[in-house]
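Presented as C-alpha cells, the chain that follows is alone, the form predicted on its own.
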C-alpha cells in the first residue's frame, strides 16, 4: 500500500531525510516515531506528494508519487501537522470544497460528506467558521477532509499533538476503528501514541531509520522487560528480600512513587520467586506488577546522541 525506497530530501547541506526505505501492508497502522526534527514530517510530505524527493522513490498503492501524482493522491488521505485549513470557511463549506476538489459529485458526494460528518461527530459545529473551533474540533474537521473520498491509505502527521487527554482518546479511538479497512501511517513524537494505536513502529532520527518492529518487540529490548515492580510500606525489608532472589540483576527505587523495581538477569523470569520471597517473609505489598518493558528507555537507547532537548512526551525519566 505504501513503499519507499532510498527516499531522501536535502536542503542545501542539510540532510532532512537520508535514504529511508520501508513498506506498509494492508491493514497495518505504522507509527513513524522520532524526536522533533528527525525527518518525520518531511517523509510524510514526500509520500503525500507535497514535497518532491531529492532522490529515491515513494509509491502509494503502486503509483509513484512523482511519476503518477494524481493517481497516488486519489488513493491517499492526508492530515498535515496542525490540521491546516481555510479558517474563514465553515466546517460544512470546507468539507464541500474538499469533496469538489476530490472530484466527488451527485449522490456519492452528498453521501460521503454526510458519512464523515457522522463519523467525526461534527453536526453541532457545521455552520461555525473553522477559526472559531477548538483544537479538538479543528482536528476532527481535518480528519474528515482526509476521509471524505474514502481513501485506501491515510497519512496522519502528529494527529493528537496539542490535544487534551479526552481529545487524544477520541482521535485514537477513531484511528483504531479506521484501521479495520485502511492502511494508516501515524507520524508522532508521543510514545504512548505508538502503544495505543500502532501495530508496527519505525524509529527515525537524523533522517535515518534506526529501528522497525512491533511495539511489543521494541519493549522486549528494554532492560525492564520482565522486570517486577511493587509498592510497599516496608521498603528496606522488601529490598532485602528482592536482593536474595538469585536471578535479580539490579534493584531500583523511585522516591516519587515509592516503587521498587527488580530487573532480571537476561532471559530469566523472576515474578514467581519474588512473590514467594515476599510472602515467605510476611512483607505486605499493595501492588506487584510484571513489566513488558519501557518504550521510553528503548527510545533513548536507540536514538542515543540524537535526542538533545527533544525528548518525546512521556519519555522523561
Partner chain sequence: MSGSSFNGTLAVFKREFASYFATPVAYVFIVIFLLLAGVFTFYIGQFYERGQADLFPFFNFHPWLYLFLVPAVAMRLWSEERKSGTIELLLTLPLTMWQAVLGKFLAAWAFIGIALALTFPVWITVNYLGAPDNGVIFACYLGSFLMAGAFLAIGSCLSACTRNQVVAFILTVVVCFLFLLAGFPLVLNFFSAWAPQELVDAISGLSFLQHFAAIAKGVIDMRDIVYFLLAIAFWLYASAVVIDLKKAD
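Numbering follows the first chain given and starts at 1. Just so you know, these numbers come straight off a predicted model, no measurement behind them.
Form predicted in complex with its partner chain: not shown, discussed below.
**Student:** How about residue 89 - does it come within 4.5 Å of its partner chain in the predicted bound form, if we only consider non-hydrogen atoms?
**Tutor:** Taking the distances in the predicted bound form, the answer for residue 89 is yes, it comes within 4.5 Å of its partner chain.
**Student:** I'd like to know if residue 70 sits close to its partner chain in the predicted bound form, meaning any non-hydrogen atom pair within 4.5 angstroms.
**Tutor:** Within the cut-off, so yes.
**Student:** Verify the contact flag for residue 74: yes if a non-hydrogen atom of it lies within 4.5 Å of a non-hydrogen atom of its partner chain in the predicted bound form, no if not.
**Tutor:** Yes - in the predicted bound form, heavy atoms of residue 74 and its partner chain come within 4.5 Å of each other.
**Student:** Would residue 212 count as a contact of its partner chain in the predicted bound form, using a 4.5 angstroms cut-off between non-hydrogen atoms?
**Tutor:** Heavy-atom contact with its partner chain at 4.5 Å: absent for residue 212.
**Student:** Counting any non-hydrogen atom inside 4.5 Å, which residue from 163, 98, 230, 125 sits next to its partner chain in the predicted bound form?
**Tutor:** In short, 98.
**Student:** Among 167, 85, 195, 226, which has at least one heavy atom within 4.5 Å of its partner chain in the predicted bound form?
**Tutor:** Checked against the cut-off, the match is 85.
**Student:** Want to guess which of 214 to 222, 199 to 207, 243 to 251, 74 to 82 is within 4.5 Å of its partner chain in the predicted bound form, heavy atoms only?
**Tutor:** The contacting stretch is 74 to 82.
**Student:** Even though the chain is shown alone, can you say which residues of 15 to 31 have a heavy atom within 4.5 Å of its partner chain in the predicted bound form?
**Tutor:** Heavy-atom contacts to its partner chain in the predicted bound form: nothing from 15 to 31.
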